[in-house]
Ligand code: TMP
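Next up is one chain by itself, shown in structure tokens, the form predicted alone.
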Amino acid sequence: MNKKTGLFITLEGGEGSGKTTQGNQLVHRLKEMGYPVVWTKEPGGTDIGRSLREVVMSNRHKDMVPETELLIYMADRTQHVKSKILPALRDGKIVISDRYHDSSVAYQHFARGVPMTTLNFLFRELAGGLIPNITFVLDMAPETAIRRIKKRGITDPASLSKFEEEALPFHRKVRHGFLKIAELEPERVKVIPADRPREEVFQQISRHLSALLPSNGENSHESF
């Protein structure tokens, strides 16, 4: 990381895998260490993205075809990268995103069946093809994740996203997609078992990330 390039970290995984929890803890720790951090998400990391999120995540639009779903995500990603992520990286900041392009590969390709050639073309030509420095896939059996979601106390089905309402075979395809991505890109993508205590999960993330963090002045001696 330097003043021109920053550091781009993404958190991936299926529904209920704990990405937001781990992301918040990571942001808090890095800020304690004195690093400038931007915590964001997809979809919805920008003002325009929040409007797109309302459409693509709503369970009112169950008839949305996979290609439309993908195009909305790509519109969100293009706005996100160009207006938020790249400017922050140019300022030398650490950007941590709850979901990014690997989610499109897992959900829209592996689970929905949209061809990878389509995803790759749109990602490259619209969103610029920006690749994270490191990606953490929080891996959990879909059965365990579904139990987690139910424990949240959500009783109104309308409050669930359409993805949380998907049947078990869909979530299994998503998990397979993330694991396949990790198999193909082991240097970038690190699989972290997410069915363990939160602190243990965070420690595993920290071990992988420590090697990428630059010295940070008076805080350079600190570690996770």
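All of these numbers come straight from a predicted model, not from anything done at the bench. Just count from 1 along the sequence shown to find any residue number.
One more form of this protein, predicted together with ligand TMP, exists but is not displayed; see below.
- Of the candidate stretches 84-92, 128-136, 105-113, 143-151, only 105-113 contains residues with a heavy atom within 4.5 Å of ligand TMP in the predicted complex.
- When contacts are judged by a 4.5 Å heavy atom cut-off, R53 counts as touching ligand TMP in the predicted complex.
- Taking the partner from elsewhere, V27 is found to have every heavy atom lying beyond 4.5 Å of ligand TMP in the predicted complex.
- Contact between G177 and ligand TMP in the predicted complex is not found at the 4.5 Å heavy atom cutoff.
- In the predicted complex, M64 stays away from ligand TMP, with no heavy atom inside 4.5 Å.
- Residues R53, M57, Y73 are the ones in 47-74 with at least one heavy atom within 4.5 Å of ligand TMP in the predicted complex, listed in sequence order.
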